[in-house]
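Just the one chain here, the form predicted on its own, laid out as structure tokens.
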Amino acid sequence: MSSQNVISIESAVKRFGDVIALDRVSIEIRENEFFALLGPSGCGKTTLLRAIAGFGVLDSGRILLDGKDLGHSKPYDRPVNMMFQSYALFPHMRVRDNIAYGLKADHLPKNEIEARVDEVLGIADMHALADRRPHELSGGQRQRVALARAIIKRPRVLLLDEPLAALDRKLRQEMQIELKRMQHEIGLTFVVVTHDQEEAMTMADRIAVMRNGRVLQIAPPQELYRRPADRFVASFIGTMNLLEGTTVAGGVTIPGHETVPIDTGGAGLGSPLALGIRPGDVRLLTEGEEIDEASIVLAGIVETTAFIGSQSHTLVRVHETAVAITVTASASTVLVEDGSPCRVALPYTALLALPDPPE
């Protein structure tokens, strides 16, 4: 993946009446990168994607592609292509004709059209289905035809708006891997909009997490998971246990426990600050067990335990807080019953200090 920026979004602002859909958004997207815009409904991710495509005009700010301001470019003049949730295939056309449609509309020579159709049929693994019509294809196959039609014109950037939303869970998981394979094979910059964090984590090289029209954090999936910028990002990316605390001299204190020495990121004394920890980092202690590492040790009651394949998931009620614990089958497990008292250990080294996101 190149470090050269293909798209530069500079302080983008977009309003719809009193609603600020984009609030000074700035993002750099690199060449050949699989970039995801991730967030809940209404966060501004689709508004931003449409602005890149030219289907919406910013109130202020700029979008540059290869250094050129796209502000006055019509959608059909931009070297980008957009794939919508609805695949919109022509039902009366064969697969190969659906894929070739854009090139025929551009009046390219017949031999060039045939060569490029053959190329993308190979990339999409659709040669055997080239003479079928859309109603003879599965959902995943129709998705691949739509993707092949989008990439055959060789856009500089391919924009994908919730491309897998119409597929069932199993097929969606398969197509996540397939999309990533195709993107790597053709060496194209992909920008995908999704509200599904698993989808973004599986496919993207980097992810921009959005909320209320703002970008809260841009980072690779592993960094978002291990070092989230605030409690919203922490909870939106996977599962995060949160203990409400207050900053004091030397760290954070939570009710019923001494001060936890942790970097508070410059938060002022007396500020609310949550301590976060992933379920896989929480330990369920045996009766009388002592621990060597510095930890918060809390007493609670087991609410539920579920065994799911290679993992067990336990939920412990500590005062008013539910603490989730995940243990792999290969790790030593503590057998507990629902309703039984227990103790949990939260190692200091696994704790994160998480501020509130900006309003």
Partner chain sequence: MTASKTPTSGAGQPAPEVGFTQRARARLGLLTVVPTLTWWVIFLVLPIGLVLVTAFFKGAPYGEIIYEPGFGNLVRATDPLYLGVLWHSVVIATITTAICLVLGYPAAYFIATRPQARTRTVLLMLVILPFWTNFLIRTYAWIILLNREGVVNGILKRIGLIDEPLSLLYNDAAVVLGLVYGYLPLMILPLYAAIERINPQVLEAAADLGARPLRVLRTVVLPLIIPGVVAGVVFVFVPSLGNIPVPELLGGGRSEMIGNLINRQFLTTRDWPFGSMLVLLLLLILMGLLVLQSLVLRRNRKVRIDD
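Numbering follows the first chain given and starts at 1. Take the two forms, find the largest set of C-alpha atoms that superpose within 1.5 Å, and that set is the rigid core. Just so we're clear, the structure is a prediction, and the values are computed from it rather than from any experiment.
One more form of this protein should be noted, the form predicted together with the partner chain, which is absent from this view; the next part is about it.
Note that among 164-172, 93-101, 253-261, 183-191, the stretch whose heavy atoms approach the partner chain to within 4.5 Å in the predicted complex is 93-101. Think of it this way: in the predicted complex, the partner chain has a heavy atom of just one of A219, M240, A130, L89 within 4.5 Å, and the residue is L89. Taking M126, V80, L285, A267 one by one, only a single residue has any non-hydrogen atom within 4.5 Å of the partner chain in the predicted complex, and it is V80. Judged against the partner chain in the predicted complex with a 4.5 angstroms heavy atom cut-off, the residues R62, R156 and R214 are out of contact without exception. The partner chain is not drawn, but in the predicted complex it has a heavy atom within 4.5 Å of R50. Within this chain, P75 lines the site of the partner chain in the predicted complex, having a heavy atom no more than 4.5 Å away.
Among heavy atoms of P134, some come within 4.5 Å of the partner chain in the predicted complex. Although the partner is absent from this view, R142 contacts the partner chain in the predicted complex, with a non-hydrogen atom inside 4.5 angstroms.
Comparing the forms between the shown form and the other one on their rigid core, the Cα displacement of F232 stays under 2 Å. Superposition of the core reveals a Cα shift of 2 Å or more for R94 between the shown form and the other one.
Superposition of the core reveals a Cα shift of 2 Å or more for L108 between the shown form and the other one.
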